[in-house]
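Have a look below at one chain only, the form predicted alone, in structure tokens format.
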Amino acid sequence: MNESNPLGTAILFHLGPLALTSTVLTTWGVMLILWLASRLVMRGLHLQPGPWQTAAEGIIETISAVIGELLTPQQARQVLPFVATLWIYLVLANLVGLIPGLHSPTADLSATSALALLVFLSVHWFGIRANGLRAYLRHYLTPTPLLLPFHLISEITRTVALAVRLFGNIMSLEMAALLILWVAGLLAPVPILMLHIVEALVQAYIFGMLALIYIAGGLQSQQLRQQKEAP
């Protein structure tokens, strides 16, 4: 029998002390699909690409071009695996809600919070990796140590906003679709379907773009400081 946790997510069953919710299982399903797709594409690479390899290369080239607009080539190569994985996962996760009986993992605040926390950690990881711990932490004290509390508050608020924005948009999108279908029946399924697809793609793009901007900001803040200190 299904239960509910304090966040209102349905608990399907327990695995020892762990409660597995529909969000967790759907997320695992999305991850499995991405893993299988990547394995199939990698095993079938050829000099003369087929349709699947062409599509995969087109997606990676497009994401790489977007990243290259904000970062240097060396930085772009470091950031590409994380940002590309995040973008592709979000697109698929947002579109899962189109399948009858399933809900998008990103319509759950716990899932979007985990993604936002991952972005938060990645910003500092890339910053420290590129500049060293001391140099990276020093930028929180510039131009004056008095701004340290404001820097810390900004880090927290933008992470919370990242999680709530994605959760709110996907949840409201699914609720609106259900309400309209409940009222109109099958009279307007195609417009609702198209709206869901477009909004899912837009929200995935916004989340991934904000993550990229935050990472780029952490890297470039160090470059600007070093340029000012150079004789």
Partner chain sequence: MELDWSTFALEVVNFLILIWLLKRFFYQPVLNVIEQRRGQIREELSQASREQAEADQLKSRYEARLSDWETERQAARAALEQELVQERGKRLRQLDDELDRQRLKHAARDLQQQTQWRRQAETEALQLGAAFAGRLLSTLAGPELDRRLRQLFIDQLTTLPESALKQLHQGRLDEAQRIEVVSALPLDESQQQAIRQALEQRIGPSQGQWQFRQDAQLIAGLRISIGGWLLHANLQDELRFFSEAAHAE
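If you're wondering where the values come from, they're calculated on a predicted model, not measured in any experiment. Numbering follows the first chain given and starts at 1.
Although it is not shown, the form predicted together with its partner chain is what the next lines describe.
Student: Looking in the model of the complex, any heavy atom of Glu61 within 4.5 Å of its partner chain?
Tutor: Yes.
Student: At 4.5 Å between heavy atoms, is Met194 in contact with its partner chain in the model of the complex?
Tutor: Met194: no contact with its partner chain in the model of the complex.
Student: Using a 4.5 Å heavy atom cut-off, state whether Ile213 contacts its partner chain in the model of the complex.
Tutor: No.
Student: Considering non-hydrogen atoms and a 4.5 Å limit, does its partner chain approach Trp35 in the model of the complex?
Tutor: Heavy-atom contact with its partner chain at 4.5 Å: present for Trp35.
Student: With the partner left out here, if you bring back its partner chain in the model of the complex, are Ile67, His103 and Ala200 all within 4.5 Å of it by some heavy atom?
Tutor: Judged in the model of the complex, none of Ile67, His103 and Ala200 sits within 4.5 Å of its partner chain.
Student: Where, among 136-144, 67-75, 81-89, 95-103, do residues come within 4.5 Å of its partner chain in the model of the complex by heavy atom distance?
Tutor: Looking at the partner contacts, the answer comes out as 81-89.
Student: Check each residue of 21-59 against its partner chain in the model of the complex and list those with a heavy atom within 4.5 Å, in sequence order.
Tutor: Going through 21-59 in order - heavy atoms within 4.5 Å of its partner chain in the model of the complex - the hits are Thr21, Thr23, Val24, Thr27, Trp28, Met31, Leu34, Trp35, Ser38, Arg39, Met42, Leu45, His46, Leu47, Pro49, Gln53, Ala56, Glu57.
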